[in-house]
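Okay, so here's just one chain, in structure tokens, the form predicted on its own.
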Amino acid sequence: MTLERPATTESSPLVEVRNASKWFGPLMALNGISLEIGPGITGLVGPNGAGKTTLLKLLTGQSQASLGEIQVCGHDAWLAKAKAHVGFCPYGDATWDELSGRRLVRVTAGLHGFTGAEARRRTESVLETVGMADRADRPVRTYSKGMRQRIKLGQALVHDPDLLVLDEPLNGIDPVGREGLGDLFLRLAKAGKAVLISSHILNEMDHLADHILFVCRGKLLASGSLETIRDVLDDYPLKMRISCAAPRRVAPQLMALESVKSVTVQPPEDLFLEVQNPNRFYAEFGEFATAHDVDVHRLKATDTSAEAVFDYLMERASRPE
């Protein structure tokens, strides 16, 4: 199946959030968040109570910001014009379990205003896209967790939205199912859609997301690719693995570098380093290797995962100002 291209251009953001805050009585759920979301996969990560669910509700027009502005494809997110561009796959499984998957998607098409042959065409198209065309006549109550997720994705995609918002889509899915859904998300992103994934499975974001939003206590702690976030976190304690000749000779010399906090030797040729300020370390190590004629076989950061960066951001956010 060929996915339909969205009407928006790749150069402009589909979502623009400007200084958005949301509170419920005395509780501040979001505090002055600003961000943009464009085509591709964006991961939204944060602990329970971070404000992720509140942000998703604002983006999908289920709730209004107390202050600030949220636009989807140039329209206020609260308006029907914006909602027409959004497909939402919620975390919960509440649905009409007695219906077949095919019927459920067709009913959703009807709710979007499509009837007759067009509703049937769109239903069959998205069932093919999500890999459920040959299993869609069974009642939803007989579906596995992964099959339910795929049918929910079909419902979210039936009106061909520009923005697809997924709340914990990989939760409870077995490894094979996660891989299949991940491939589907990548295909949708390649077709030009903006895919926003809220997830606690942080290591999945390493393989899927082009852009990551770290949210904690209602604030946006950081945004960008993992590499970009790394570049701005000069004090991040990076862990490195270096394979070289004569590691026991090199280890004490490395300790003389200002950016190196510790060195551990693992024979026959590996050194494990903890360094402060990655940018400074890379500059220092280049000069060091040249000056000491170090035969380096490999230089690799070992903790570039989303989880490692997130843990550090959480720890930094908890420090008293």
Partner chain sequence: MENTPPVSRFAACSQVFRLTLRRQFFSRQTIVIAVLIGLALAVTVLLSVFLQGERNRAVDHLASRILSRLFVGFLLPIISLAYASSAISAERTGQTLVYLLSTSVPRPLIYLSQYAAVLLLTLGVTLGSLASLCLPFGADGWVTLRVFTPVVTLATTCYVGLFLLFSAWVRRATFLALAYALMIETLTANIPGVVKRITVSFYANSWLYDDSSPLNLNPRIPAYDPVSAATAQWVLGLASIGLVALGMWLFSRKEYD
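What you see is a predicted model, and the numbers here were worked out from it, not measured in a lab. Residue numbers count along the first chain shown, from 1.
Another form, the form predicted together with its partner chain, is not on view; read the next lines as being about it.
Q: Among 208-216, 85-93, 170-178, 221-229, mark the stretch whose residues have heavy atoms within 4.5 Å of its partner chain in the model of the complex.
A: Among the candidates, contact is made by 85-93.
Q: Is R102 one of the residues lying within 4.5 Å of its partner chain in the model of the complex, judged by heavy atom distances?
A: Flag for R102 set to no.
Q: With heavy atoms only and a cut-off of 4.5 Å, decide whether G131 touches its partner chain in the model of the complex.
A: No, G131 stays farther than 4.5 Å from its partner chain in the model of the complex.
Q: Flag H200 as yes or no: does it have a non-hydrogen atom within 4.5 angstroms of any non-hydrogen atom of its partner chain in the model of the complex?
A: No, H200 sits far enough from its partner chain in the model of the complex that none of its heavy atoms falls within 4.5 Å.
Q: Might V107 be said to contact its partner chain in the model of the complex, defining contact as any heavy atom within 4.5 Å?
A: The answer is yes: V107 has a heavy atom within 4.5 Å of its partner chain.
Q: Which residue among D137, D235, E118, D183 has a heavy atom within 4.5 angstroms of its partner chain in the model of the complex?
A: Contact residue from the list: E118.
Q: Using a 4.5 Å cut on heavy atoms, which of H112, H75, K239, R187 is close to its partner chain in the model of the complex?
A: That would be H112.
Q: Under the 4.5 Å heavy atom criterion, name the residues of 60-77 that approach its partner chain in the model of the complex, in sequence order.
A: G61, Q62, S63, Q64 sit within 4.5 Å of the partner.
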